[in-house]
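In structure tokens, the next block holds one chain alone, the form predicted alone.
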């Protein structure tokens, strides 16, 4: 099966990379203690069972018997302990470290038992252990996870192992005979690196790839209008657990001024973007949670499009057009800044143009730069060298967003790269992590979302739909799509022998 993606992983150690490109590959190579089933309930993956103490502070995991790495070596509780230690090591600088640093003690009473104890009950604990991809101690002990060759030559335990990685071209995974969960049906997965979405679509039309994520125009207009494509492809649509946003660098002036952030929020017509860029396949949101879930505060309303209010706020913040050129100034400096986003993502690039036009109307001069993903992350995000970004957050199922919004999460490589610092948000995030009552926890996150909306450190642009095309030769896909998404149980997908590709067609 041949698929495509626009960005190449920076590393195949996901707990270091923290990016979707890495996750899409490593999810086929590594396992976690727990996983979510198709209905989004937790079940064991490496763990056969788990027990929670009466005080809710200790979790004891029992691993399945006879687990093995792809190289045949035993996979034991020592590997889980090693992975936990590596992630919380400050030198690793994992963006996920805060989830695991709350563990007061981790121990391995025997090869199949891994036990963790917290100082106080931690509500997202089980969810966190569903996200920790376990790494092999025997191959990584004593190594720097940022520079190790393992990051390009990983050895895992899941359905596939790395076959070949041609930089800038493709990553090939082959079926792992030692998979701890049994064999996958499809023998080989090839992921081609094609940064431009239009180029991906040309390859899909030419039958050179089997699946890709679609933009709304291709999903709603192009494929339905072409009988030969409709005959060949199945289309899938699901409301994703993600959103697109405009994020301010709060350490750069004038974005440290809430009046300026709110003004820009009022100046952007989000519905125009949803209709013009996403052809209506998006939802205007007011909180950083999936619409319709209990965590999304139903009382919050998105900032309406109101350029008059935007201008009034900017005037209040000291911005005036002193020379009549249409651009506002403060302290003799024109209000101008750069929006950066990742190239190849046409929706984000088009969104930037809509925003640029609307901000010009209220006197702000905006330039746009699209940058290749790896450079975008290393040169701008990790260094904090940007004014404004257009990006997206893919969220977990637990409502905890400590990693993204807490003021302690601002080191290079961590997720609070916009520099957000609000003591009341910090307190709410800390409370939410330790509150086990779901209703009380919901109220905490509703308050958190309300403060965030008022503070406007980001402009929510839309929650979008996942739109996917998959060739009909790929069979065994669950339909209708389960809550866990179209890719759930992909190890059970299969290709009938008469429909299989020849090796040469992957080139």
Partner chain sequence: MNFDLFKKTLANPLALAGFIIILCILMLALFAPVFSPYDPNEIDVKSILLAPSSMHWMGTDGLGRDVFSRMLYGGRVSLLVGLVAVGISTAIGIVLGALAGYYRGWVDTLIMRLVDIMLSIPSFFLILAVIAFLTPSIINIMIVIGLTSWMGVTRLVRAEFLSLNEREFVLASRTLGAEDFRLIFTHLLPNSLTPIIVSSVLGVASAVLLESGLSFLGLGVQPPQASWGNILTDGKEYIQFAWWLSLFPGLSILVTVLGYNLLGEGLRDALDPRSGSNK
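Computed from a prediction, not measured in an experiment: that's the story for all the values here. Residue numbers count along the first chain shown, from 1.
Note that the form predicted in complex with the partner chain isn't included here; everything after this is about it.
The partner chain in the predicted complex comes within 4.5 Å of no heavy atom belonging to residue 400. Put simply, residue 228 is far from the partner chain in the predicted complex: not one heavy atom of it is within 4.5 Å.
Remark: residue 301 does not count among the residues lining the partner chain in the predicted complex, judged by a heavy atom distance of 4.5 Å or less.
The closest non-hydrogen atom of residue 290 lies beyond 4.5 Å of the partner chain in the predicted complex. The stretch among 75 to 83, 196 to 204, 428 to 436, 174 to 182 whose residues place heavy atoms within 4.5 Å of the partner chain in the predicted complex is 196 to 204. Although the partner chain is omitted here, in the predicted complex all of 218, 350 and 353 have a heavy atom within 4.5 Å of it. Among 343, 410, 108, 296, the residue placing a heavy atom within 4.5 Å of the partner chain in the predicted complex is 343.
Checking 152, 104, 251, 369 against the partner chain in the predicted complex, a heavy atom within 4.5 Å turns up for just one residue: 369. Looking at 1 to 39, no residue comes within 4.5 Å of the partner chain in the predicted complex, counting any heavy atom.
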